[in-house]
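Here's a solo chain for you in structure tokens, the form predicted alone.
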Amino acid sequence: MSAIDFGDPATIAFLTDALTAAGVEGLEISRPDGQIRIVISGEGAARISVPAATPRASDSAAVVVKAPLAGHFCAEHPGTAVAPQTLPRSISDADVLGFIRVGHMLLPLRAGHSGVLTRLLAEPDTLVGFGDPLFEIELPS
């Protein structure tokens, strides 16, 4: 059995048509050689992304916090009226950096590392997939 070529536009068009016909809102497939996400965003409109690997300097002491599952990324708790914090800022490993919303559930995203939060790598309220980069933290040297 051969692997499906997700770089083939005809394959992507076929998958998009099949998802639309089935009433499915999206599909994400991750393999060691890449990832594809198709999101049906309206009547007949689809958004397709093939995320590239996040470039990082070889001597960089930074880590990337990635999405632990697919869902909508929230940089702030949706129930708070707190103004977004500016970057860069110091954080501890237990700090909650944001949330992944799946339906009515919110999964907190903990930093997991102490350091300086330098970059937000995903747009708030966008659909993210498993392993998508969300934050970059510079580790203390």
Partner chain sequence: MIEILESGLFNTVQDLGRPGYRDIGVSASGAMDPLAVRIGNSLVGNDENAAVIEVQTFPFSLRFERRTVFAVTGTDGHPHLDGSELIPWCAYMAELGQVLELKQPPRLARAYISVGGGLDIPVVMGSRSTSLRGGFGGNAGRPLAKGDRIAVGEDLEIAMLPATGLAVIEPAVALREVFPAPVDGVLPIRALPAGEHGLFAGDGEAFWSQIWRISSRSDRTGYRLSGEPITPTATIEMRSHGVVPGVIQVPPGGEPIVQMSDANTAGGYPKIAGVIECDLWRLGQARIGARLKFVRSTHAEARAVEQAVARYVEDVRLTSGMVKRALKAMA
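Numbering follows the first chain given and starts at 1. Predicted model, so just to flag it, every value in this text is computed and none were measured.
Below: the form predicted in complex with its partner chain, not depicted.
- A residue is said to contact a partner when one of its heavy atoms sits within 4.5 Å of a partner heavy atom; residue 101 meets this definition for its partner chain in the predicted bound form.
- Using a 4.5 angstroms threshold between heavy atoms, residue 77 counts as touching its partner chain in the predicted bound form.
- Within 4.5 Å of any heavy atom of its partner chain in the predicted bound form lies no heavy atom of residue 87.
- Taking the partner from the other structure, its partner chain in the predicted bound form has a heavy atom within 4.5 Å of a heavy atom of residue 107.
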